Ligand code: ADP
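For reference, the chain that follows is the form predicted alone, supplied as structure tokens.
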């Protein structure tokens, strides 16, 4: 089935269910509860499944939205609709404060951090007199439309599901944009993302705040549907359940949040009826059975349920538009041609007692191909990291186009026109080749979060995708453009990385073992590409172990051994240099 038809079918079903005669109010109410949970799970899918940040504290943001509207409508007499923006502002503001601290954590510290403030906020809700302490607040007015109170579950059903559908559409639009690619890049780590100008901390905060806003919206709806608010629904247990919903539905699937919320909510309800009937009321085994069923389900569908359902509604991969205005390009060689483009002056990197790079100095001229060679462990990749800001210098300086760039961030260095590939391929395997390459053009786009959600970024997005397609064609991978990058051979993935770097429109291109895994004719094609780039005025610094490849294309070679520069010069000189023959090529050679 076409995805658009499947979406329309979902909307039609949600519209018709309350109108079907004989459907019990209980089921309509339960469906509304599924919608409220789906809003929170949707934010968690984006935060955890897509952005790679595990959070156990999302229920607390529901509490912020619920308590904000409860106080405003009961103590101050506000209408629920007037309280909505304040509830979202309170949830979003809390997310900014907590996010500035939380998103900087990594590894197991991140989920532990969310658990810590989730517990703290739960106890805080129960201690404040303003919020009614553990008794909570009651007498919250229902939602009203045109003077009609929405006290009937059938009426409020539409409000809830309009919010769910709208949130799903906006979130899907966000992921289908340059900001969305930045979010997806975070899941595998932020080194590659930052190398192309993505501000990882800012992007994480965007995801964190949006997920909190969806939870705050759910809390606002919950308050006016239940008409009473207590701390119980906003504790750590609820946060864990929401995370279960996101994982069961499909950790990276926005619409899977509805599936996960529906399954978990219905299963809990069913177990509360079935388990006592089987084992009696003396032993409360509902939680035990619930846990066992979830574990069994995740064993069967480890990627969640949505990928299995999506087989019946296969989507089309993104393609580049046939026509789009070209992105602005750098004027290569426009700087001062009398000075080199890149200069390392006594660059040193020390890890405790280990000296990885030992006072290395060399230059890369404009329109020049320079090779950095040496045995494994010589410090070549570390030197790349020093140039691109991934690692900080212990001493010395790195200059680009006459300006000192050492000590600046990878994003700033990328913005100046320095692009790179990696020794170990860093692509997003689930994303298509086109989307991976488009990530390289991140800094060449301008559309922000709101424009992406409202689909006002289509012209900007079309230009980026067209540029990505151009670079893919340039490196000879046109037939693989719509394939997942992870399905390609290792050598082809390295070529995709080069296309991604070229999409940044760099002035200096750093290639870390670009020919590794390539067949002979592919190496010849790569050599021709690098020669064309040099002719266009681009500078290239490459690390490579294939000496035949290096000697055939380079203008200058720098040789490292144990982090120290032992030789430097044109290929003819390096071929016969005694220190190089001894340390790298082998004394017998």
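Positions refer to the first chain, counted from 1. Note that the structure is predicted; figures quoted are calculated from it, not measured.
From this point on, the text means the form predicted in complex with the named molecule, which you will not see here.
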Check: Which among 230 to 238, 457 to 465, 216 to 224, 375 to 383 is in contact with the named molecule in the model of the complex, heavy atoms within 4.5 angstroms?
Finding: 375 to 383
Check: Would residue 166 count as touching the named molecule in the model of the complex under a 4.5 Å heavy atom rule?
Finding: no
Note to self: Would you classify residue 263 as touching the named molecule in the model of the complex, given a 4.5 Å non-hydrogen atom cut-off?
What the structure shows: no
Margin query: Residue-level question: is residue 393 within 4.5 Å of the named molecule in the model of the complex, judged on heavy atoms?
Written below: no
Next item on the list: Could you confirm whether residue 109 comes within 4.5 Å of the named molecule in the model of the complex, counting heavy atoms only?
Entry: no
Check: Among 423, 358, 397, 138, which has any heavy atom within 4.5 Å of the named molecule in the model of the complex?
Finding: 423
Item checked: Listed residue that, although the named molecule is not shown, lies within 4.5 Å of it in the model of the complex (heavy atoms), from 351, 123, 76, 312 -> 351
